[in-house]
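What follows is one chain in structure tokens, specifically the form predicted alone.
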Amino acid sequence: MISAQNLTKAFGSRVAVDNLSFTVDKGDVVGFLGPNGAGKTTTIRMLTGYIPPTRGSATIAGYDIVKESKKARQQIGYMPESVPLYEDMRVSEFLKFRGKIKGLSGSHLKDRLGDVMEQCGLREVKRRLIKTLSKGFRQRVGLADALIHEPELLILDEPTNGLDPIQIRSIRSLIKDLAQERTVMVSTHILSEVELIANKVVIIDRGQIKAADKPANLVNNLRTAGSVLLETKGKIDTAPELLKALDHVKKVKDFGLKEGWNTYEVVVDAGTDARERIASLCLQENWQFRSLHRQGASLEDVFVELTRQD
């Protein structure tokens, strides 16, 4: 669905996107991740035809984004981070207007209006002025606009930006439903959202790709340290020193006493599991414990490791 080869964008002497090469297969839900200034939005603007690449090439559903720009753009439903809406138009008027711009007319346009308002939960507000809508409903209008011409590829740039937790959950559920019928590329800072909806992740930093794989594979290959949480009855002064002496233990954090139980985080070497050694130490020292929990790595850990500057 998307094939980018050595995609590059320079603004004067500053290279915002540097030789990006990646693919997105039909039916994929891809999380496009990176810190602020990494080049995510610039890449999306090149893919959607808003700006041309300085070098390199990309195709959307087989159409070159420069040589066959119109055909490529017809395959895309794009919702930018700041959704451009005509606030003095009613929801149904705006979507009808946008549908006409995208080449729809007659009964087809009428059917698509009904479909996208149903999909995006807009029927109850279809006669309201856009300026009276909440941020969450405005995002839904933006999604409906992106969907009205039935694109094969949906590209969403920070779709949950500025929303409250309830609105985020609602938009996330909507994106999951939409992903059942089309390819979706989501650029976002909310890594937990990506873990819930994406089957592939592309991480970029300073204009270059740092990783592109399934979330589970990235987590499994993580080189960073893991940790084990230990809860003991009462505070044990010797615990940090004895835990630190165990094989593969890097450091021990003491979180203090709460309701009679003390929590220690035992940071261990990557790829090791120290729970058996910790349990043996507890039995040896006659420490009463109620929890020995291994902290699994997350996509956030992967992101931090790949993009940290130290």
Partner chain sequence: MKTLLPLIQKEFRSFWSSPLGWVLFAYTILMEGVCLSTAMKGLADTAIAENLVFVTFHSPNFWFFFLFLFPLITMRSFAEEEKSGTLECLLTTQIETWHLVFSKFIARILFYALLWTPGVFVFLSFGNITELPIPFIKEVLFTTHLYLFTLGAFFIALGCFASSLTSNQIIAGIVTIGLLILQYFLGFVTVIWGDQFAASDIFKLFSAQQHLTNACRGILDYAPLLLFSLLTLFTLLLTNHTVNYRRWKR
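Every value quoted in this text rests on a predicted model; they were computed, and no experiment measured them. Numbering follows the first chain given and starts at 1.
Quick note: we don't show the form predicted together with the partner chain, though the next part is all about it.
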Does residue 45 reach the partner chain in the predicted bound form if we count a contact as any heavy atom within 4.5 Å?
yes
Indicate whether the partner chain has at least one heavy atom within 4.5 Å of a heavy atom of residue 52 in the predicted bound form.
yes
Applying a 4.5 Å heavy atom distance criterion, does residue 70 contact the partner chain in the predicted bound form?
yes
Does the partner chain get within 4.5 angstroms of any non-hydrogen atom of residue 207 in the predicted bound form?
no
So if I measure heavy atom distances to the partner chain in the predicted bound form, which of the stretches 72 to 80, 190 to 198, 232 to 240, 167 to 175 falls within 4.5 Å?
72 to 80
Between 115, 93, 152, 213, only one gets a heavy atom within 4.5 angstroms of the partner chain in the predicted bound form; which residue is that?
93
Given that the partner chain is left out here, which of 110, 123, 100, 128 has a heavy atom within 4.5 Å of it in the predicted bound form?
100
Hey, which residues along 6 to 31 are within 4.5 angstroms of the partner chain in the predicted bound form, non-hydrogen atoms only?
9, 11
